[in-house]
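For this one, two forms of the same chain are given in structure tokens, first as structure 1 and then as structure 2.
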Structure 1
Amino acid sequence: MKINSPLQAYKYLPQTNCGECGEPTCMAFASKLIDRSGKTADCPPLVKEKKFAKKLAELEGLLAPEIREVIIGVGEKAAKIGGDDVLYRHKLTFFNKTKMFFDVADNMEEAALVERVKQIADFRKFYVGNYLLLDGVAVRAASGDPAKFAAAVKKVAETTDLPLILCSFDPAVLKAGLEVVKDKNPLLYAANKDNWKEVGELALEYKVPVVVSALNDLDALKTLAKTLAEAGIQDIVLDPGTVPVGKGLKDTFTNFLKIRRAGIDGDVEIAYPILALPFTAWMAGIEDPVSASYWETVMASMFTIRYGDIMILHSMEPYAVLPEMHLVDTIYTDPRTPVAVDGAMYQVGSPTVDSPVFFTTNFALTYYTVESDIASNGIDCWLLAVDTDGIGVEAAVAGGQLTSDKVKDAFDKAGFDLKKDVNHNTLIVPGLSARLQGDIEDSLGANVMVGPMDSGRIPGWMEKNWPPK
């Protein structure tokens, strides 16, 4: 984005405060444009009235993200990558999560291939109200045979509607694959110094995004990107090579830093999303598969944090995939969203006077974890969020933000009386705050039961301990 204050964007708006965008003033709308929570399309006069056409075009140019946004695939599951404006997430937020593509090879047995694709497409983990999912399939032309590759691509596309990356350096092989999925906007991997003309032509002919690849040579990478861009290809992804170990890995890390810094600083010829290949961990001669998988996750972590926008990975072991998808979510969570929920009494399901009463802290992650654990197991209850300044249970007990007085205050503020609003006068406290049990009994005049250390164990705990004897 070339501008950074609402005042600069305001100049290009109709300045009528018509309110059609849903904001009371054009200035308010301008600040939404600047923090990227609003789009120019949300302003009907600007879009519809001819007299604003020039301003609209100028404004869109100024608002365009520094790093180009590239879309892979079609429909709901299309993967949007790039689009960033900052080098550090706290400066704004990072947009468009790093996309995790997992490989299949065209020389796999058909049944094994289909099973693996299903595994990729079906993997999911529930996390604070949403599912973490995997993003796509990279088909490797390991056979080098156009017909075999086309058959594998066809099988993958029949099995899933996830976006695809077609991987080969042979234009004939890529073309065979493209023919099969020409309506699905796959990412072409890759144009390099030897095949760039032919692969560039394929990208133009089929109108698909394309990776340019130059191993540890940023001049060559920029040359390829510039050449393809001048030929009218806009959707470019950069592959500076990902070396799995040693000094080569350090060089790779440095390349990622340099490319992104140059892009954010305004070098448009290199301001494209970057592809990382943690996959190469499997080429480093690491004997033990668990260690190889761990190293792949280590590489994925480095490039999730430092500017990888899309990754090709191999290990589908849950112990690899779970931390990888959590780290992507961690880095791409909007830091502008609040840390805490309101300190209040919440109803999970439809609680009655017989239902148990729990409390937890108002740290958003803690609260939502507890809530989803309870809700997904169909337990009706009262759940009090105690205001601990947005700190989790264990740390808040240690730091003095969670005390018996705080718990009592929270009940008072919520207007909830354990003696009247339920018929058991009992509070279940988090296992991690067990040491407060006596104090809370005294300050509330209620029975206090110590719940499990982890809210995931509430269902089992309930079976044994609820209702209280």
Structure 2
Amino acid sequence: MKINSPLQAYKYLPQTNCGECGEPTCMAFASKLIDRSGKTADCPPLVKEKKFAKKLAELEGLLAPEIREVIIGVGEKAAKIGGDDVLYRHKLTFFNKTKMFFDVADNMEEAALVERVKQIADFRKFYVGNYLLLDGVAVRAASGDPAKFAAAVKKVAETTDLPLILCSFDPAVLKAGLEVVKDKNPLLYAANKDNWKEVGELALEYKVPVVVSALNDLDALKTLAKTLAEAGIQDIVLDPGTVPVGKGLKDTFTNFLKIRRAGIDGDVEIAYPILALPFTAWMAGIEDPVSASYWETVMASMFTIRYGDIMILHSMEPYAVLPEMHLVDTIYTDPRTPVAVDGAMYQVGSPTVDSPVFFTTNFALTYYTVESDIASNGIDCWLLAVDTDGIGVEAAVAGGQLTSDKVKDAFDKAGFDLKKDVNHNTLIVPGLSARLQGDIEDSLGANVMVGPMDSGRIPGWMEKNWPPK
């Protein structure tokens, strides 16, 4: 993106404040364009009126990310990769999480193939209010047989609607697989110096994204990408090779840095998403499968941080997958926006009029920690999340985001009356907000008890202090 302020985008908008985009002003809409929560297509006058056609074209060029965005698959589960504008997250943020595809092979027994695909599709981890999921399936043509590959691709597509990568260097094999899933926009892996013409023709014919591959040869990689782009293929992914150990691994890491730096600096011929292949850890001669799995996780971590947009992995063991998922989620969480839950009154378990009432802030990590500590100990209660702009209790008290007025406002918005909805008119406040006890009592006209400093101590605190005397 070549502009970074709403004022710059505003110059290209109709500036009529018509509200057709759903925003009260054109400046507000410009802000949404800059943070990518809005698109130019959301402004009807800009799109429909001919007098704005030139401005629209210029604006779309300015808003386009430095690294091309590529979509794999169709529907809600389509995987969007690339689209970044910066080398370092602290400069802006990273968009489009690294996508994790797990491999299956066409020489697997059908039952084993289906079981593994279901394992990939069903894998999920609840983390800070969201489910972390795996992104797709990479089907490898281990047999080299077009008919076997097509049958495996068909079985995978029947089992899941996750996006697919079709893996072979044989154009005939790729074509057989494409025929089966031609409406599902799979990613083709891969075009290299030997097959680029045939694989490029497949990408054009079926209108699907394609990987270009050149092992540790960036000049050849750039030439291949440029050649396919000039042939009319826009959705390209780069594979500079992933060597699992030794100097080759160092070279691989350096290649990823060089490619991304060149793309961000404006070299459009190589400004595409990058594919990493951590599953090559299994080809490094590591005999112990647990150690191989650990090494795969190390490689996945390296290329999540620098700058793998999509990966093919093998190990499905939780000790491998969970660290990989958590790292991806952490790196791609927008540092400008605290992770928060909605400010509201929540029920934990099956609370009644006799149940205790707690509050905490709407910082997601705080809320889900408190909720988990309470629920896992079988305590039925009411839990109010006070909107502090996603800031934790101690910092919110210090910064003035958590006050007695804020707590009262949260009860009012939730429509919860301590005098009517429970029979004890008592609120338990976090120990870290003890200094607000008197003010909250005055605001709510309720009895306020100071709970423990740590929500993990709530069960013990309850045994000694609840019900109130």
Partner chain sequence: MAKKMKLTDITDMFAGMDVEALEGVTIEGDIELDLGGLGGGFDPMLAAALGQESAVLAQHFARIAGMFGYPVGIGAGAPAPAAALAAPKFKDLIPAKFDVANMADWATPIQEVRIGNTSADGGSRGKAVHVGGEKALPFYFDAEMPNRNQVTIDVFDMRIGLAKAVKQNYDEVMDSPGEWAKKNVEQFNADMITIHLISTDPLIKDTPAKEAAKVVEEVLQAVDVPIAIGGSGNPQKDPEVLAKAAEVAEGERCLLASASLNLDYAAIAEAALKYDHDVLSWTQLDMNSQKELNRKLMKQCNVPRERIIMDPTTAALGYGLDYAYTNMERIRLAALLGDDELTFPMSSGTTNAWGARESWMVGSPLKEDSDWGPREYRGPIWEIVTGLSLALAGNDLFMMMHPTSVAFLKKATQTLFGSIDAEPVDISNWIAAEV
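Because the structure is predicted, anything quoted here is derived from the model rather than measured. Rigid core here is just the name for the largest C-alpha set that superposes within 1.5 Å across the two forms. All residue numbers here follow the sequence of structure 1, with the first residue given the number 1.
Both panels show the same chain in isolation, but it is structure 2 that comes from the form predicted alone. Superposition of the core reveals a Cα shift of less than 2 Å for Asp161 between structure 1 and structure 2. Fitting the two forms on the rigid core leaves the C-alpha of Thr388 displaced by at least 2 angstroms between structure 1 and structure 2. After superposing the rigid core, the C-alpha of Ala41 moves by 2 Å or more between structure 1 and structure 2. Core superposition places the C-alpha of Leu432 12.6 Å apart between structure 1 and structure 2. Once the core is aligned between structure 1 and structure 2, the alpha carbon position of Ile458 differs by 7.4 Å; this is the C-alpha shift at that site.
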